[in-house]
Structures are given as C-alpha cells and as structure tokens.
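One chain is shown next in structure tokens, namely the form predicted alone.
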Amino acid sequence: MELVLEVENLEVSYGGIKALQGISFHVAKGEIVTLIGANGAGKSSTLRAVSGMIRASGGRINFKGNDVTGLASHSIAGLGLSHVPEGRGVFTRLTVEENLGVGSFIRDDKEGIKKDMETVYELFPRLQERKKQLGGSLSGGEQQMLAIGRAIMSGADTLLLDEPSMGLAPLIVQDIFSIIKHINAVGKTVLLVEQNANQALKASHRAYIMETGRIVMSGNADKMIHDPEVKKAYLGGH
C-alpha cells in the first residue's frame, strides 16, 4: 500500500479555539477516503490545513513522501494536490473554457493540458455544450462540475473535495458522486468532506468520523454503512 497522504497529530487553532485536536489519518494511492461528521466537527479545517490554505498549529502533514507542514498552498499544489473548496469558487465573469484554462496555469505541457481538457469534456458533456458561457450563468450543479474540472486541469493526481453535493438537487447529487467514482477509476486519489454521509460512504473505500476536532471512528466504508451506531448518528437510520 503506497500512502499518498499521512497526517499525524494535526492541530489547528483559530484564536484560542482548537478546531483540530491532534488528528491522525492516512490516504493510500487510488483510494476515495471520506471525512464525515456534523457541522463544526473540523472536516473543512482538515482539508484547508492539508492544502496549505491555513497553517497547522501542531502535528505533521506528509504528502507523497514530502513533509509539507507549513508549506504555502501553491507549493503543495505543485506536488500534485488540488483543493476544490466548499462554495465552488468559480470565476463568474470568465467563460467555462477560461475557468478551465485557469486550472492549468501552472503547467507547460501542452499535450497533457489538451488531453486533460478532452477528459473534462468527456466527463462533463454539459460543460462542453456551455464552454463559451460565463461561469456565473451556470446552475449550481454545473458550477460544481466546473470546479472539479478545473482541479483536473491542474494535472493533480490527488483531489480534496469539500462538500461537493452542498445545495444541489438530489438527482444532481447522484451525478456528482458518479463522477467522483469515475475520476477515481481513471487514477485520481480523492479525500472527500461531505455532509451527505450516505452517498459519501457508498462512494468511498474508507471513512473517518469526526466530532469536535477529533476522529472518533474509522474503518471500511461498506461496514460503516451497516453499523447501527453510525446509522443512528449520521445516516438517519435506527
């Protein structure tokens, strides 16, 4: 098992408040791993610390054998990690095509960029149909597709996805999770933060459950779906 990401005793503080209280987890190459938990559990803070958007106050983050703790986000991105933040962050005044082009700005391999653009349009035919439309004119689901497409255009082999289903209609949510599984099948490693625990567990290999800045449970995603405690607390079951 080749570990892409190893996080050890990670701590993050906002002022005097500890958002993460020494969490440890790992992601192996080719996995989809999901972090689930209630709002305020520390899931998004975890992704932001891993991608360098916020600075860890303790612990260590290792990505592809490199200690990236404290590195700037663009340096971590350069190692092959792309973060799709909550809220999508689409450039509303740029076209779909221009948004995707922004994703590839750190690359100079023209053939690779062309190939990835074809992959994105294959994955998201709707984006190809709308490539001359402004990002701001797209629906929420299309904007989420564009945000994921832009991450693919960066050439990253590891994607951090923060709440990709938030605010989307149920049918579109299913589309997004099918796409995440497809991206994984073509070789991308995915660390997912998601409040739709049911869909996330169905799509994932392994999962970690977070509560108030701590990991309280981890294991095989299939087993978690059928765990009575997990069902009761996170899946709306009894």
Partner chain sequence: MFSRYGTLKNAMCGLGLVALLLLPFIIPTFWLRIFTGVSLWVGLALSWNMIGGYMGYISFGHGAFFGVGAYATALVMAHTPIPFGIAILISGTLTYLFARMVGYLTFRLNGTYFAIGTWAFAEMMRQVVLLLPFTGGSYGMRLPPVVNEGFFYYVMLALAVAVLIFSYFIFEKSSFGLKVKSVREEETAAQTLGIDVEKVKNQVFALSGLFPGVIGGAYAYWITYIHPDSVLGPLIADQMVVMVLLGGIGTVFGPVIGASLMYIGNRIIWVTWGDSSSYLVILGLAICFIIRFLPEGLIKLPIRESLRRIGVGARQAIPNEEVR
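Since this is a predicted model, take the numbers as computed values, not measurements. Positions refer to the first chain, counted from 1.
Keep in mind the form predicted together with its partner chain is missing from the figure; the text below concerns it.
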item: Interface segment, criterion being heavy atoms within 4.5 Å of its partner chain in the model of the complex, picked from 108-116, 162-170, 69-77, 121-129; value: 69-77
item: All of Arg93, Glu98 and Ser154 with a heavy atom within 4.5 Å of its partner chain in the model of the complex; value: yes
item: Residue contact check: Met145 to its partner chain in the model of the complex, 4.5 Å heavy atom; value: no
item: Any non-hydrogen atom of Gly141 within 4.5 angstroms of its partner chain in the model of the complex; value: no
item: Partner contact for Ala38 in the model of the complex: its partner chain, 4.5 angstroms, heavy atom; value: no
item: 4.5 Å heavy atom contact, Met53 and its partner chain in the model of the complex; value: yes
